[in-house]
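A lone chain, given as structure tokens: the form predicted on its own.
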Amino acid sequence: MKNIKYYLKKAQKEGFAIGQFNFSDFTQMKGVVNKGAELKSPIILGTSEGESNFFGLEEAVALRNVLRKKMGVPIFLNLDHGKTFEYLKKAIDAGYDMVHFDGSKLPLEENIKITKQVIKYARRKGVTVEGEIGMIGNDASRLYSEKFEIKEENLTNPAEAAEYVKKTKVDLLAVSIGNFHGIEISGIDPNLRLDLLKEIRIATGETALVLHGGSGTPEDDIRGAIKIGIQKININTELRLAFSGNLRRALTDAEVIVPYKFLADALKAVEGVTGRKIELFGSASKV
């Protein structure tokens, strides 16, 4: 099977993005993979530190292996927003394909220093590394009842992004261009700063760029970001909303106590969100 770097280069060349879909239980994982296989799309499965602590690093790797073999599509596993070298090392040793070091709250030099440490270890294992410049804030488990304020100082500085990429040789770079974790209660988040993304794209050369907090982002902005050079887009909140909403409705029937029955609609809901995003990102039939 071709590795994630092959598909990132393919995405860059052909003008599509690969979706990363986060999960914390097997129903979510299965729903994402089912739709990826149906649409013949490469898939990145993501677990944050919290999600992987709940699910298990080794367990996630084992199930990725099973599903990859069974479904016959490229499925990659990423440790999302790892905050320390020690935790990323655990994910690398467990067998993750990718790790994301989130040093966005650190001074630039410290962010560069730890990223280089992660990359040195990851490269020996053939693992791809994502870094981050600019702060992508908030909580992917929340709905925001008021319009979320994007602070200018938290956006990615193109000059800092260029310095970071040059000094670390990181494989992917997560950027802050008006995106955030979570979603506004309306279901539509503020518009992305595509003008800033263009500057970052020029400053970082051919480094793959990542959009976190893709849930709720206007579809025209998603298309525009991909056209400029976003090659990976992370989805979590919309999956959580689909899963939890359908599960709540199923559990209102007091007579339904069989898990595979009350989880069935939740699985279909996850498949639905995944399918819509794959079509939007243009990754269908790219295997």
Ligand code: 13P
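Numbers follow the displayed sequence, beginning with 1. Treat the numbers as computed from the prediction; the structure is a model and nothing was measured.
Form predicted together with this ligand: not shown, discussed below.
- Within 4.5 Å of some heavy atom of this ligand in the predicted bound form lies at least one heavy atom of residue 80.
- The closest non-hydrogen atom of residue 52 lies beyond 4.5 Å of this ligand in the predicted bound form.
- When this ligand is considered in the predicted bound form, residue 103 lies well away from it, no heavy atom lying within 4.5 Å.
- Under a 4.5 angstroms non-hydrogen atom cutoff, this ligand in the predicted bound form lacks residue 230 among its neighbouring residues.
- With the partner left out here, this ligand still marks one of 177 to 185, 103 to 111, 199 to 207, 67 to 75 in the predicted bound form; by a 4.5 Å heavy atom cut-off that stretch is 177 to 185.
- Looking at 233 to 263, the residues that come within 4.5 Å of this ligand in the predicted bound form, counting any heavy atom, are 234, 235, 236, 237.
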